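So this first bit is one chain, no partners, the form predicted alone, shown in structure tokens.
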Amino acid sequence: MKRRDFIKISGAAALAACAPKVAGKNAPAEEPENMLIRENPRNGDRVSALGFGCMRWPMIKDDKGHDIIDQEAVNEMVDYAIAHGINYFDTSPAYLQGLSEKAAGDALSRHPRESYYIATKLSNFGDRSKEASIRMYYDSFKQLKTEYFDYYLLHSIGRGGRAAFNARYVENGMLDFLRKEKEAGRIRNLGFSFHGSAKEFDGFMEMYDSGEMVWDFVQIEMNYVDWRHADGKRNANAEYLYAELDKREIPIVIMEPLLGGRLANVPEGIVRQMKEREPDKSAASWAFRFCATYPRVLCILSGMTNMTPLKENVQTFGHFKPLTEEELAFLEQMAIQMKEYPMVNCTDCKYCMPCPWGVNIPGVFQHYNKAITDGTYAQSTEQKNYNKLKRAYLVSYDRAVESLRQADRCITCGECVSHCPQSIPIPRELRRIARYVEDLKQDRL
């Protein structure tokens, strides 16, 4: 449904008066000339190719030492984003332990509603009852200070296939409820975000082909590593997902284009090869250009935590240059090299938190991955500068993660495993890192 159609249905005269007039297409009233804009072929929405993922808002401590969102910083980032052409904002009731939607609503509501698109999700991972799901749905309106959602997603479907999907959305009547909400104009586009295998994805495409469910768009994880090197058993290669959506002409929204920041901070050897080709371009720009090179992609989400990556990403999309076939082949070689590093495939989404035993799971993984990326990973007592690298890792580990929240505190209860969209065997990886730390202390490498 186009936003003009929504306005007619809802009778929101105030919105109608200020709706943009862009040759029958929906768009912000002002589009900065250089921002890459993609038109949604299904409804004419003019969407910025760079979208703002609201899963990584900047955090600060309140007077009681609790983590809260830095609303002043969020407002500044949103103002800059909108002023520079970003108009798609993606959030969820599950992000930042329930704090993301309100921060997004507070920041966005300071701007005309027609100047941005809101995407949020039905994240009923815990209580999947109809009552709780409907309550979550209506609460999103309140938190985001809106009368309608431009893009609404069934959150993270795939694992468990059709049976899990039915339990969360069909047996409780929520799919029928959301269809009626779409008919009423409170949802303009209904889709889903996917994590799972190719077989599980095929099941949802069969629903589309049979007419059982018409997906207006689909959100997938796509980057130059997962394009052909995802874990095929638990996560499908993005190349396959893209091809299936492309042949059905379903618009695609991209999540994790930087693999939780890992493709913005790649190992030194890979950075060196990128700089030889593009001395003035960052590693992150390569990853974004990869995704935007594919024409079926409507929007690419980036969870920007401060102004530095926001400004850099605006530059990338404001002066966009698609990759050549030779450059795509080059990134495939970089992906192969990336897979050789013993990193944990954590995207820092924090779905695994809070750990009932207090382990800072993403903090442990991010510290470990950073040491590998920075080339400060002690691998053997025979290694040059081993003692220096050993000390640096142990000292920085204690600074990054409190001792009572480190990997050795994991009791392998497995509570976190079902929440991980990457299907990481979290207890096993925590044990591996705990052994590594102990081996460092005892000089057993």
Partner chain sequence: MLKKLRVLLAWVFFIGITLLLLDFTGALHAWLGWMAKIQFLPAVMAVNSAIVIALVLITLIFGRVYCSVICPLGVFQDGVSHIGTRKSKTPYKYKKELKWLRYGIWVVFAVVFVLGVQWAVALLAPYSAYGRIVQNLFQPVAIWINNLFEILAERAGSYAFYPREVWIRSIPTFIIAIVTLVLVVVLSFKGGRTYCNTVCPVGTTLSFFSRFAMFRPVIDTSKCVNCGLCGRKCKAMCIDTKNHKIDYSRCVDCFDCIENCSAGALKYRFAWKKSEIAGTDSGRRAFMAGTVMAVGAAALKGVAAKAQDGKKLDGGFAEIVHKVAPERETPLTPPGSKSVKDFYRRCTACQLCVAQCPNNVLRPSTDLEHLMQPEMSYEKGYCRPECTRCSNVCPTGAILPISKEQKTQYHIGTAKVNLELCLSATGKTHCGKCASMCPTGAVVMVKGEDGHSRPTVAEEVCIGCGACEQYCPSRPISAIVVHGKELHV
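Predicted model, so just to flag it, every value in this text is computed and none were measured. Positions refer to the first chain, counted from 1.
Not on display, but discussed next: the form predicted together with its partner chain.
Here the chain stands alone, but in the predicted complex its contact with its partner chain, taken as any heavy atom within 4.5 Å, falls in 92-100 among 92-100, 218-226, 110-118, 168-176. A residue is said to contact a partner when one of its heavy atoms sits within 4.5 Å of a partner heavy atom; residue 341 fails this definition for its partner chain in the predicted complex, lying far away. Contact annotation: residue 419 falls within 4.5 Å of its partner chain in the predicted complex, judged by heavy atom distances. In the predicted complex, residue 396 approaches its partner chain with a heavy atom inside 4.5 Å. Under a 4.5 angstroms non-hydrogen atom cutoff, its partner chain in the predicted complex lacks residue 141 among its neighbouring residues.
Of the candidates 211, 356, 295, 375, 356 is the one whose heavy atoms come within 4.5 Å of its partner chain in the predicted complex; the others do not. None of 285, 360, 237, 305 but one reaches within 4.5 angstroms of its partner chain in the predicted complex through a heavy atom, and that residue is 360. If you take 405-427 and check each residue for a heavy atom within 4.5 Å of its partner chain in the predicted complex, you get 405, 408, 409, 410, 411, 412, 413, 419, in sequence order.
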